[in-house]
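This document opens with one chain alone, in structure tokens, the form predicted alone.
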């Protein structure tokens, strides 16, 4: 693994650059991709250009495996994954991902996330990796379960939480269901590899 890329069986994870603007616009314009994030509303181009892409380019750029990673299959952008330290914990990282609809149902999110999880536990001192998803997002729940993550809690985002999202511009409307937090502890990861 270099600071700029990581390889899985079918995926190349690479750092974002300015040329990825069209990829992120296309990804966030798909109402099905954004269904459980914004209720299907596309992220505004200006937000992607001015806030999201700069974050994706700069966040933990020189601190692999942390940061945001563009996922490519056969040289074609299919989505992104992220692994970021959770502030004020010192030992927890947060996993995130978003994939083009054409990549759904093929195990690519699981493959890329496995790569980041393995790198996170192998190359850092984190003790736990967490990920959240909406309770009705069954495909995302299945990805997290395939990664060996376990449901730890149900919760509801506040309007302030939604307004503070860094990776999309979610609806400020609170949804009736719960969000779910899944986690994988270092010891369970070690046991799964034995």
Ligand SMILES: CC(C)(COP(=O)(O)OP(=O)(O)OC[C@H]1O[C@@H](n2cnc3c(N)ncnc32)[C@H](O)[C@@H]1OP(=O)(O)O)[C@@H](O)C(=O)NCCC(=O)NCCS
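Quick caveat, the model's predicted, so the values are computed rather than measured. Positions refer to the first chain, counted from 1.
Separately, the form predicted in complex with this ligand exists; it is not shown, and the next lines address it.
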- prompt: Does this ligand come within 4.5 Å of a heavy atom in each of 37, 140 and 146 in the predicted complex?
  reply: yes
query: Would residue 105 count as touching this ligand in the predicted complex under a 4.5 Å heavy atom rule?
result: yes
message: Test of understanding: in the predicted complex, would residue 43 fall inside 4.5 Å of this ligand by heavy atoms?
response: no
task: Decide whether residue 33 counts as a contact residue for this ligand in the predicted complex under a heavy atom distance cut-off of 4.5 Å.
output: yes
message: Just checking whether residue 71 would be counted as a contact of this ligand in the predicted complex - the rule being heavy atoms within 4.5 angstroms.
response: no
statement: Per contact check vs this ligand in the predicted complex (non-hydrogen atom within 4.5 angstroms), the hit among 61-69, 46-54, 130-138, 148-156 is 130-138
